[in-house]
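Listed next as structure tokens is one chain, alone, in the form predicted alone.
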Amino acid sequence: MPVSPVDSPTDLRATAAAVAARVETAMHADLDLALAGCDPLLTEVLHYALFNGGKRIRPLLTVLSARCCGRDDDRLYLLAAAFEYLHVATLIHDDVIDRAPRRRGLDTVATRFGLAAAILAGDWLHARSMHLIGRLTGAEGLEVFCRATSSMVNGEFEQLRLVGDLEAGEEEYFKVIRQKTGNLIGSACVLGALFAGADDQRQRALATYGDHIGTAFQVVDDLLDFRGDQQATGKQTGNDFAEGKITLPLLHTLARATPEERHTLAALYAGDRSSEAAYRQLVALIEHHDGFTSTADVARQLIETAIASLAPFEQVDETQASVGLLRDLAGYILTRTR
């Protein structure tokens, strides 16, 4: 089914805001319970990390997936909070690894509270997310969750191995981003369905949906790294090149480049990747070979597959609003600017 990109339609924005508010209420209540008797610095760090903005996409997917399968109650928002805990834990640890001073226009946790506090707070959030998943979805849900988080870590290691490797191909690229992003977003959808008591067919359909929108999300990230508005994204353009990451626009360019151009690209990646001139030269080569256009086409195909995977829900009248919002969210990914 062809998809028309949307600019965060009104119903989707309103639902996302309402879900985020309920998830934040659940997080506040859970933290009050879990942190009773804990060191006040841990409480301060966690509140700073959790309540300073963020899209809350993963909790939204958990809630919409459960609603598609017929369940919506207070415990669902605690389950959704577990995915926000994990997401924020990964952001805290990523900022430590990258030595990033700022995120979302604010000091990172490591900058504000120090490396030790940041690492420990991330560990706490990861542990709490596992506790909640096990409590709310049982051993089956915890298995799905742990498999996805293990995959995420392995994907990061594989990406490290591929830094600057222009011999890497699309198969390796997609393996990395599915492990880093697709599997985890897919698990947010699956656990929403499992929590609602969905059958295997519906769980698989939502896993496919989540995997494909997660993969598309990362492909769009590749484009935003070159063409995003720095004020909107909060990130410096050209970061992926500076870090030597092999992304889809580059892979498409390598596939179409002449031997001389491939030699130039190899020299750019082996040289000073912080150079503005080198970055401009890379962008010019990608544009010459339509690497940005073809990458956008791949994102669109992934989104079309995601939407098509929702077919098992088409005949259930009472869940059509939630299914429609999942479609809208998929379309929005194509036009997001941050």
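All figures in this text were calculated on a predicted structure; none of them were measured in a lab. The numbering used is simple: start at 1 and walk along the sequence shown.
Heads up, the form predicted in complex with a further copy of the same chain isn't pictured, but that's what we're talking about next.
- A single residue from the set L120, L78, A257, A196 has any heavy atom within 4.5 angstroms of a further copy of the same chain in the model of the complex; that residue is L120.
- Residue-level contacts in the model of the complex: of N154, N239, T264, T111, one residue has a heavy atom within 4.5 Å of a further copy of the same chain, and it is N154.
- Stretch-level contact analysis of 139-147, 188-196, 209-217, 246-254 against a further copy of the same chain in the model of the complex, using heavy atoms and a 4.5 Å limit, identifies 139-147.
- Remark: H131 counts among the residues lining a further copy of the same chain in the model of the complex, judged by a heavy atom distance of 4.5 Å or less.
- a further copy of the same chain in the model of the complex comes within 4.5 Å of no heavy atom belonging to D165.
- Put simply, Y173 is far from a further copy of the same chain in the model of the complex: not one heavy atom of it is within 4.5 Å.
- In the model of the complex, at least one heavy atom of W124 sits within 4.5 Å of a further copy of the same chain.
- Shown here without a further copy of the same chain, the chain has F157, E158, L160, R161, K175 in 157-180 lying with a heavy atom within 4.5 Å of that partner in the model of the complex.
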